[in-house]
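Form predicted alone, single chain, as C-alpha cells, below.
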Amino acid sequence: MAVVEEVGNKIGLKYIDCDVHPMINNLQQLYPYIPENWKRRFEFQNIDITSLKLPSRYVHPAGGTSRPDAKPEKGIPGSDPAFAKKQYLDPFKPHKVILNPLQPSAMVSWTNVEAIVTLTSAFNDYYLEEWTEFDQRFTLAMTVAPHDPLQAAAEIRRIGDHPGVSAVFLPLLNTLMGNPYYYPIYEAAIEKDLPIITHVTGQEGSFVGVPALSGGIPRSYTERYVNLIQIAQSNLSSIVFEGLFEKFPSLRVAFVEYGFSWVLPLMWRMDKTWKELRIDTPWVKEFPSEIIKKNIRFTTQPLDEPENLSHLKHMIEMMDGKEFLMFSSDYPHWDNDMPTRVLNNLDKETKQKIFYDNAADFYRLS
C-alpha cells in the first residue's frame, strides 16, 4: 500500500479543504495567552488537556478518532503544524484549509462560563499564532463560547478582522440555531463578514445542555455516529422555519461533518409541508429548498457512498448540490475523505464548484 506522500495530488486538483482539525498536547501551550489569575487558577485546579477529551461513554472501537499514521514524532495527531504540512499540505497541495478546533468546542458541556470564555479566547490566539502564521494556507474558524452570546459576539469583534480568521465556529447547545438566543453572535459575524459554521463537538447526546439525540440514548459509538445527522436536520429546519434569513439576509451558515445525503429528502419534506401549511409560518416567503440553496452550505465528509457510485452523482444532480456543497477531508481523523479519492465521477463544472468555487465564495477566500 502506497504511503500518503506517494499518493498526493498528482492530478493537480485545485481545492479548498473545509475541515481540518488542529489540536494541542497540553494546556500549558495556552498559558501565554491566558491572564495570570486564570493561569494560576487552572494550575491550582490541575486542569489539563484530559479535561477536554471526548466523553468516555462512546470510546472509538479503535481507541481513538485519529489516523495512526498522522501522529507526529512528539504529540498527538493534529498537534504539529509542521507535520501536517509535510503529510498533507505539501503532497496534496490544497489552496486553503479551514482549521476547525475540536478541543475548545468540546467545552460546550462545561458549566463555568467564564472559564470557557477564557480558554476559548486562548485557543483562538494560539492557533492564529502557531498555525496560520506558520503557513498561510491554514485559516481559522475561530471558536466562540455559545454559553454567553454577548461575550461570544465580543470575541468575534476582538479578532474577527485578523487575516487568519475566515469563519466563526459555533458549537451548539441544546437550543436550535433559529432561536433568537444566538442573534448577538449572528450580528457580530455579519458585522465582520464572517460565515457561521457548526460542527460535531463529540459531546452530543452525552451531557445535559448539549444537543440531545432523538428517541433515546445510543449504546455504541457506531450507533451514535450514524445518528449525529439528527442534530443537523433539526437545526436546518429551525433556521428555515424561524425565518432566520428574513431577519439576517446576509448571514451565511454551513453544516460541517454532518454529510449531505440527508439534505435532499428533508428539502422535499420541508417544501411539501411549507406549501400545505404556510399559514403557520407566514414569515417564510420562499420554498425552503430555495432558502437553503441561497444561504446554507454543507460539507461532503463523511461521504455516504452507495455501491453504485453513479447513484451518488445522480443524487447530487437531483439536489442541485453543485450550488451548495463544499469539499472537506476531516484530516487527520480515521474516516477522512482524501481529495483525490472521492467524487471522481463528477463532471468538470460540478467538481470545480464543490472542490473550490463554493468554499472560496462562502469563506471569502481568494
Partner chain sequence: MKEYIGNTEQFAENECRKIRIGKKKLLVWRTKEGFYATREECPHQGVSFECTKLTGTMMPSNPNEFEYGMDGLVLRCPWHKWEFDVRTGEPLFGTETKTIKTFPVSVEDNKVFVEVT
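Note that this is a predicted model, so its numbers are computed, not measured. Numbering follows the first chain given and starts at 1.
The same protein also exists as the form predicted together with the partner chain; that form is not shown, yet it is the one meant from here on.
Put simply, Ile217 is far from the partner chain in the predicted complex: not one heavy atom of it is within 4.5 Å. Of the heavy atoms in Pro282, some are within 4.5 Å of the partner chain in the predicted complex. Heavy atoms of Tyr225 never reach within 4.5 Å of the partner chain in the predicted complex, leaving it off the interface.
Looking at Asp161, you'd find every heavy atom of it more than 4.5 angstroms from the partner chain in the predicted complex. Although the partner is absent from the chain shown here, Glu246, Trp274 and Arg278 each have a heavy atom within 4.5 Å of the partner chain in the predicted complex. With the partner left out here, the partner chain still marks one of 139-147, 285-293, 255-263, 190-198 in the predicted complex; by a 4.5 Å heavy atom cut-off that stretch is 285-293. Checked against the partner chain in the predicted complex, the candidates Asp80, Asp125, Glu242, Glu155 yield a single residue with a heavy atom inside 4.5 Å, and that residue is Glu242.
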